[in-house]
Structures are given as structure tokens and as C-alpha cells.
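Presented below, as C-alpha cells, is a lone chain in the form predicted on its own.
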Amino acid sequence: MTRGDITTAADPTRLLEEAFREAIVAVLGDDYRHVDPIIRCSQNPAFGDYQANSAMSLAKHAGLKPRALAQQIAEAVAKNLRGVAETPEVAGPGFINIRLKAEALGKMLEALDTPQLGVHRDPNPHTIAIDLCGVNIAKQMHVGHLRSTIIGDCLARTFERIGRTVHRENHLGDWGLTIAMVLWSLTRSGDDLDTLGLEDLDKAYRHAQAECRQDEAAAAEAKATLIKLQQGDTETRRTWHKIIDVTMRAVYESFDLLNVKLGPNDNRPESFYRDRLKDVVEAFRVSGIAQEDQGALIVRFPDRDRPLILQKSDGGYLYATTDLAAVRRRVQELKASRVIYIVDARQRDHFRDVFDAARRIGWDRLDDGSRAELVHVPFGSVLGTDRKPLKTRSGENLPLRLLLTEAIQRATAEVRRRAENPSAPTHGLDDEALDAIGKAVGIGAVKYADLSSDLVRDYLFDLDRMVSFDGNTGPYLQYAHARVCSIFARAGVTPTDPAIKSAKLVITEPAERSLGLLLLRYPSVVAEVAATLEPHRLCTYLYDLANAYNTFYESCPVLKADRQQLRLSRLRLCNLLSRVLADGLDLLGIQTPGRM
């Protein structure tokens, strides 16, 4: 893109950064070529659309007065922005305010109106690995699995949107003594495994753990069952596979309900790594990074008291051993330059130790010599309205299926209530169609409430608030998208109408301008989520976009515009908005019904 060229500029921030860098070099010299011009969106439209805030820090470094330097930069950048912006203005101690010309804004929006919606492809050839979900077999998915699953899915979708190859890694808990306890309990009970459901396995899981804690003989029998599993005993393995099949059928049903992209090919259970653990221990032993301590093999760190235990004194392996095997595979075999773990905040110290151990032995190094980024994305708990962790009345973790079913029921009831209004777009739809909308709204409500909060914080699970069509909620955004779709239905045209697709975008009103500027931020918001791993930034953007659309809709007649050119322009702007909303919500894994 050449200076001032707006025919391909769907992201004005990039264009302004380029123009200001050249202006800074023109004023201060080539030593300042890589300075960040600090382009920000203006908080107050009265001062312009964007603001360049680097003059103050540059002046201190160059020994100049900030406002005088800002004036020189403003005069230099004005030459680069002819046809793009009005003459830049200096304000305060050295802020430079920029206002785009209406015609330039229209052209930038037209450049955004492509299948890619201006989203830039990441040229990095390496893959991304995301560790998510991590359900244990023989147990129902509970509310604690919700966050890991949908946060991981959202980040995976975002990376795929910018062109990266993503490996979703569902690290199932299917191995070890706990699973052996369940196997032992089921074998002893004599129950018909072919008729067992997940609830039966869940009860067996809890019963076996309780019994083995209280009875040494039971614990010894469970350990014997583990040895049989490890040695490949046919009957034990058959029971083990049966447990996995029953568990995963229910898990896949929950994935489908949640609109999460996870399937059998994404499963990398603990058992997958069992034959790699010996090599992990040996590599640390030979390298001298690990030492023996009272029969155990540990890694010590100079900045913390706790060691990382790789192998117990009885020869058993730990979670850390499996996690190191996983890091090694994800970096050296999958060639992932970012390995991201979506696991609750309580595991922060564990992953710090695992990552530091992996770096010390060099398992974070890629073939080209670069180092992979190992990242733990911690998240808080889901709380009930009593501000305590969400549990059943008996104090157990709340089954995820129960929670999602209630959300769908409440959303469907609201959808049906609204459909009773003769003027509602959904009036007259059959029960099947209304149920489909209710399901999309209920699941969208749950996912948006989770993703819109700062991940590391606990959040309140309040279904009454979540399924509301008002305020910062998933249904509010879905409804905004449906309202845009209804414009085309009322106009009797489709967004693909050639007259609409080729219409020149004319920006005339303040509300129209605000909406257009916000739409142009979409590519940078997607890139920001990929960089920060913070989905709530996208949620905030989409909420602001929906609000800007509501203001536009009230202020700028679309179907009753006084000129045909303006009518077509606003229809095209509405279509662009609906596509950005739908694309952004899809990154969150939220569906967008055409009618609500």
C-alpha cells in the first residue's frame, strides 16, 4: 500500500501508522524509523477520529518541546494524508488529532466489504496447539469444563480466522490409579457394562474413590487392577474401552450442543503419552537437569522452594511427566510456535514449573532455532448467585448438561413469548423453528456471558440476566443481527442484489460516521484477540458495534432515505454490519438466527 492509497486500506490504523512513521523520520531522521507513533481511536468525536500520541515521549528523547515537535510532525504527515484526512490538529501538550474525510471513509469501508472483512492473514508458518476441555472419563462434564472448552474453541477459531493451522488437543484423563479404581469397582459389582450409562459410571467413580480412601484392601485391589491395565490384560482393557465409549458419547453430545469444534481426532488422552514417559524421565536424568531425592527424581528451580517431581520413589509418574511429554510432542512434532493451555487458575504454579523445565531441556525449541511460546491461560470459577462455586444441592459439581438444558428452556420460553406478538418477525413460525432459535439463543447466552468477562476473574452464572434481550448479553447481539436481516426482508431485496453490492458508500451523518469507524476496527480487534488471548475484547467490540447500529438505525433512515443512492448506500452498510456481527459471533462460537 503506497502513501495515501486508500483503495485497499480496510484498516485506517495501519495506514496512519505508516504515514506517521514516515513523518517522524522526515522530522527526526532515520534513527527514529521504528518508533511506534501510538495511533489510538479518539475517545471524543469532537476531537477527531484518531489521535497520534508519540510526540511527548519523542520530544523528551530528542530534547525538544513536545508541542513544537507535534506541530512539525503534523505538518509533515499532512502531505502523506492528502485525500485521506483533514489537516491534522495539535492539541494539549502534543496530541495530534486526525479526522478522516467522508469520501475516504467510504472508500475504506468499501475495501472492508470483502469475504475476508479486512482480516489479515498471519504469515507465521508454524502451527498453534491449544490444550482445552480435558474431561475425565467415567465422569459427566460439569460446569468446571465449560470455561476450558469454550475459551479454547474461541481462541482456536480466532487463530484459524487469521490463517493459522490449529491443533485442538483434548487431554482426556483416561489413565492412572483413579481410572483403575473405577475399573475395579465395576468388575467387582458384576453389572452389565453394555447397559451402563454415564450417570452409572459417575456414581461408580465417586463410590470407588470413597471406598479406596477408607479401605486399604480396596486400594490394594485397585492398584492391582492398574497393573493389569498397564500390562494389557484383555478383559481389563475391554472394560476400559467400554468406559471411554460411554463417556465420550455424552461428551460429544455436549460439544454439539455448545457448537464447539471438537471431535475424536482431537483426543490426546493421558494414555496416548504412557509409552513416552520413560523417555522423558531418562532425558532429564541424562542431561543432569533432574536429580534423585529420597528415591524420587526431581527438578529444582533457583527461584522457588518447590521442586517439580518427574518420578516418585516407587517408580510412578505424575501429571508433570505427562505434561512434559505433551510439550515435547506439540513443539517438536506438531511444530507449534504457540502452545496454549486453557486450564483454571489453580494450576498456575504447576504450569510455571512444567514450562520452565521444558525450556531448560530445550523442548521449546523449533527446527528453525526459534523458541515456542508456552502459555497458560488461567480462568476463574463459575459462581452461583450466592457468589459461591456453582454446585448441586448435595455439594457436587453441577452437570454441564443440566445447566445448558435450563438455559435453552428459558431462552425458548422467551422466544415463544415474543413470537406471540403479531408484528414479531417470528410470529407464525412452527414449533420446530422456534425451538431452534431458542437453542441458539440459550447457548449463545451462556457462551457470551462466559467469554465477555475477564478470564481470570470469577463470574456469576445468572440465567435471568444471561438470556435477556437487553444489555450486554449474547441475545442482545443476536437480536441486533436479526434486526439487520429484517431490513432486507422488509425491503424485498437480498444483500447480494447487484445494485446494493456495487453501491458507493456515502457517509453523511454523525451516527453513520461512528458506525463506519467502528466497523473499520474489526480487523485490528481480531488480531488483538489472537495476540492477547483475551476473547472479552471481541465481546466488548461487538457490543459497541450493536449499540452504534441502534443509534444509526434511529438517526439515519434506510428504507425511507430521501435519495435512492443514499438508500442503496445504507443497505450496503447494513449488510456489511450484519456480516461483521455474524463473523465476530462465529469466532465466539455463537450462532446468528436470521429471525428473532
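Heads up: residue numbers just count along the shown sequence, starting at 1. Computed from a prediction, not measured in an experiment: that's the story for all the values here.
Omitted from view is the form predicted in complex with the RNA, to which the following refers.
Using a 4.5 angstroms limit between non-hydrogen atoms, residue 249 is distant from the RNA in the model of the complex. The RNA in the model of the complex is approached by residue 270, whose closest heavy atom lies within 4.5 angstroms of it. Contact annotation: residue 306 falls within 4.5 Å of the RNA in the model of the complex, judged by heavy atom distances.
For the chain shown alone, residue 486 is a contact residue for the RNA in the model of the complex, at least one non-hydrogen atom being within 4.5 angstroms. Only one segment in the set 422 to 430, 275 to 283, 74 to 82, 153 to 161 has residues whose heavy atoms sit within 4.5 Å of the RNA in the model of the complex; it is 422 to 430. Checked against the RNA in the model of the complex, the residues 458, 86, 200, 103 give one hit for a heavy atom within 4.5 Å, which is 458. Though the RNA is absent from this view, in the model of the complex it lies within 4.5 Å of a heavy atom of just one residue from 465, 391, 207, 167, which is 465. Shown here without the RNA, the chain has 471, 472, 476, 479, 482, 483, 486 in 471 to 487 lying with a heavy atom within 4.5 Å of that partner in the model of the complex.
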